[in-house]
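Shown next are two forms of a single protein chain, provided one at a time as structure tokens under the names structure 1 and structure 2.
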Structure 1
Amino acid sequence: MTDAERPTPNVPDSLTEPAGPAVGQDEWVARHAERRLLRGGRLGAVEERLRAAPWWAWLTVFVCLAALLPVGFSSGYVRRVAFDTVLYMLLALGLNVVVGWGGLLDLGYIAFYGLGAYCYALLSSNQFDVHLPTVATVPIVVVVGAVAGWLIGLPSWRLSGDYLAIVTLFFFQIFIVVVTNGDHLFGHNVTGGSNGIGGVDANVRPFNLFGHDLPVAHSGSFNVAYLYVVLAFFAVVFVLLRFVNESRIGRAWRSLREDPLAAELMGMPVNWLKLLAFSFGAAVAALSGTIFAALNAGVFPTTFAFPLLITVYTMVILGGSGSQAGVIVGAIVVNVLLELLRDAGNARYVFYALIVLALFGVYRLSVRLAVVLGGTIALGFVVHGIASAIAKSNVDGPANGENWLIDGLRHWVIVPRDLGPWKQITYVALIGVILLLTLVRGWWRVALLVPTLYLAAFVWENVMLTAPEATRFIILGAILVSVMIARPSGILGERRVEIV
């Protein structure tokens, strides 16, 4: 009998299975790689391939593409949006240190951003007739921000969660009150009050790097040199924070985030780790404030209002708290989307594109997708025809623009000349129908989704487009909720496994 013909012995499964973790090693920790929850299917394979590329390669490609953006776009508006986006990326990186790595709910983060801007303004303006060079001002402001973060972090020694959030929010409110009423602080005009501090060395001594002055404007438009400056600062901050994250401090921060009590029992200096997280995040925020103040040649209290804090938090949560790449993607998506939604024409494209993408993501290429899309389109033409037959004034309202999409919608969505009290009624009805959708399943949901989508289009054209500023944040909130339902960890955040 040859070896090939010999029967295979019945080996117990326990002997064929891979060996367990070594003695003294926690099994859950040893098998963490097996238990990670990542995407499945083709998207999962693509994500794994993207994750395999080294981080420095992605950073290099991104910085190069951003640096080439002014070549393809000569518009000063586009270049300014690019600058603001990179500035938001810096703010998101700093907040990610505190919230994403340290696990500390810091609601006073924007105060450090404002502190950096005001410190730069005080050291480089006629407010106190101090005009320090840029190479001295920026390090001073960063150190001031780090020290302020350290001091504000002191109460966190015995606080966590909601209690820590209240303390940091109180600090944020103190900052707003002080800078708003600082024109009579200790008998001196320190912050300029509600008028702020203007003329921040825009013409006296502009932002200077390596012997070159950077005026805030060039040929009457945005000086693109500031885009390259903020890109350089962004690259340096990203690399430094990457090294910190991969060091012992970074690993200790993640342990603190997951379980502070377990980290303390393992001998980690939990209190010092909290202070370091606050200090690093505050330093990055203060650095961002210097660049903002230098470009705008002035600082004002209203710039650092609470909506800015919500916006930066949205970027971090949407992109993926704890992931540097994730918060960068979140900053790009949020800021670009908010800018697109400023214009009614662009907002209309974004709204209907998101509706189609959401339907495709839920139903894929299926019969239910065809029923929903076909039923919604048919319902629109029927309702529009009935309303037009009753009275022409029901469908001849303002169009809010002229393009092919608007021309098609004029024959599908009812836009009355005067909506009257129905404006509030339809908005409330839409919210109620959306809530009802969460209670039904199967084909009942498909049937209810058809009138819901048409009602959403009606509310969008008649109610939301008339208030674009509020609509921007409503749409952003809806996107955030949808992403959190589909992927609670964010776009690029790693989904952590909790031990129950």
Structure 2
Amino acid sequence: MTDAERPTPNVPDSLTEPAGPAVGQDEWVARHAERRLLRGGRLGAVEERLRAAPWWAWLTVFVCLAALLPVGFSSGYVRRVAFDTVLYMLLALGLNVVVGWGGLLDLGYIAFYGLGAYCYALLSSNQFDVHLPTVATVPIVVVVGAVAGWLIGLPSWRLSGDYLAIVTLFFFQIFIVVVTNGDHLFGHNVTGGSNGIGGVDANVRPFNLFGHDLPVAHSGSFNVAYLYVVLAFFAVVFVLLRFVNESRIGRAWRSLREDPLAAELMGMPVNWLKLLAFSFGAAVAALSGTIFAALNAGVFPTTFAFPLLITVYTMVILGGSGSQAGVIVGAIVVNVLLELLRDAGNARYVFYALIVLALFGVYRLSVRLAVVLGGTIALGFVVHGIASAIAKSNVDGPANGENWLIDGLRHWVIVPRDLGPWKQITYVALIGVILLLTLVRGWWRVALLVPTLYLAAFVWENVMLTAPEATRFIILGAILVSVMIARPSGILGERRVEIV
């Protein structure tokens, strides 16, 4: 009997769509689904239609858009950023297996990425004069990664939760120590120590797929072929992991994540499932490492450090752990944001645009919005006027560059020539008022928001724009905390992730 012939049981509609959370469904998800059902009108219909589209349609659309990007942008920089973003997506996909599906907090994830990169570098560079063909290297590295993941996953048999997290973090530290001091490994120079391995085949015997050589630089700038390589890898891994997740293994992972004890009592091979999750994640990370090493024509220990781990975690958490689509969104948002923050001019636009957008999001078009915006602008001019009346030389505004935003800001925000201790004082004060903001409600919040915004603009112009590197990471940390508190399921996540 096929599915079509099977008689459908006659169940009233009210029972097929339960009002409360279904079995295995988080309460937050249930409430969200209810809200969605309530949304009517044309927008609601479009949303329903979009939601009904199958995942492979979304994937196809995304891959096509990404593949068409080089048509619109000829600059090597933009293409390189696109490449990085897709590489981050690939990395985040792997992390999503361990954290999002398996529910295991793996803080050693970047070690596998580094392992993949170093293996590739050793197998195709002048370090030992080994130059294997790419079709051999990549599978070898992926297998090495999977085996390493299997081994590092072994402690998960005995440890869980925080202890597992810290042990994986120790393995990560060991990896860093070994790689950084690997130029004296039993008297041999294996990893090149802190200098890394520089002579990875780049132009003579480069990454090679289907008989085509892919030199890393194409007439002096980023070779766009690498964007297609990483995109193809991403699509393949995405589909593979999707299938795994919809198979018995995927369902078992979910049960393991929700309640390991119950899963074990139901007869699931919990320990093997954990190892599988670890080695799937590690294999994906190692694969990403090969492409990274191939394109950069070198590997250096400082790349594979704690900040990178936090970056990838932020992508997974922000996008919504457990959701593959969320990984794509998270990687795009985080990497594009980080890239924009590199340049002070762009960063300035991003900052003010995000503030205005956030205010719109919170207050919509209301009196409060008008009060906050008007109040902040007025306060700025008043403060600026008073300050310039007292000490003219100290309020000359941001002098770098000429555009409408800077022209406007010049009469609004104070930019002292010499900040002195005010750098630290205003920054700490800003953190203080932002924290205070979360405690007050209603008009008190509106009243407090006005000086906070002005202070934020002051700190942004005077302190944070001068140190973009630190600013980027501060923002990542802030994203992690605020996502966890405001919306633990991330942008697209379907359920909270639990670790026991």
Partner chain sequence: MDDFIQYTINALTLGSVYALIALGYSLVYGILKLLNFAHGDVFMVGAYIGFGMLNLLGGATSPVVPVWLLLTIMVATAMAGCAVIGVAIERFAYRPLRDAPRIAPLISALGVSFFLTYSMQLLFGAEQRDYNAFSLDNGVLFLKGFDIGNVRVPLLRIVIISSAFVLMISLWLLVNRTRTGKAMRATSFDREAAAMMGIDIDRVIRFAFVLGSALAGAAGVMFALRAPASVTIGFVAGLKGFTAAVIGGIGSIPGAMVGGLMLGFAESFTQGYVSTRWSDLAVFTILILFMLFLPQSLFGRADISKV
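Between two forms, the rigid core is the largest collection of C-alphas that superpose within 1.5 Å. Not measured: the values here are computed from a predicted model. FYI, numbering is relative to structure 1, first residue = 1.
Peer 1: Can you tell which of the two structures I gave is the form predicted in complex with the partner chain?
Peer 2: The chain shown second - structure 2 - is the form that fits the description.
Peer 1: Verify the C-alpha shift of Leu453 between structure 1 and structure 2: is it 2 Å or more after superposing the core?
Peer 2: After core superposition, the C-alpha of Leu453 moves less than 2 Å between structure 1 and structure 2.
Peer 1: Look at Ile475 and decide if its Cα position differs by 2 Å or more between structure 1 and structure 2 after superposing on the rigid core.
Peer 2: After core superposition, the displacement of the Ile475 C-alpha between structure 1 and structure 2 reaches the 2 Å mark, so yes.
Peer 1: Cα shift of Ile485 between structure 1 and structure 2 after core superposition, in Å?
Peer 2: Shift of Ile485 at C-alpha, rigid core superposed: 4.2 Å.
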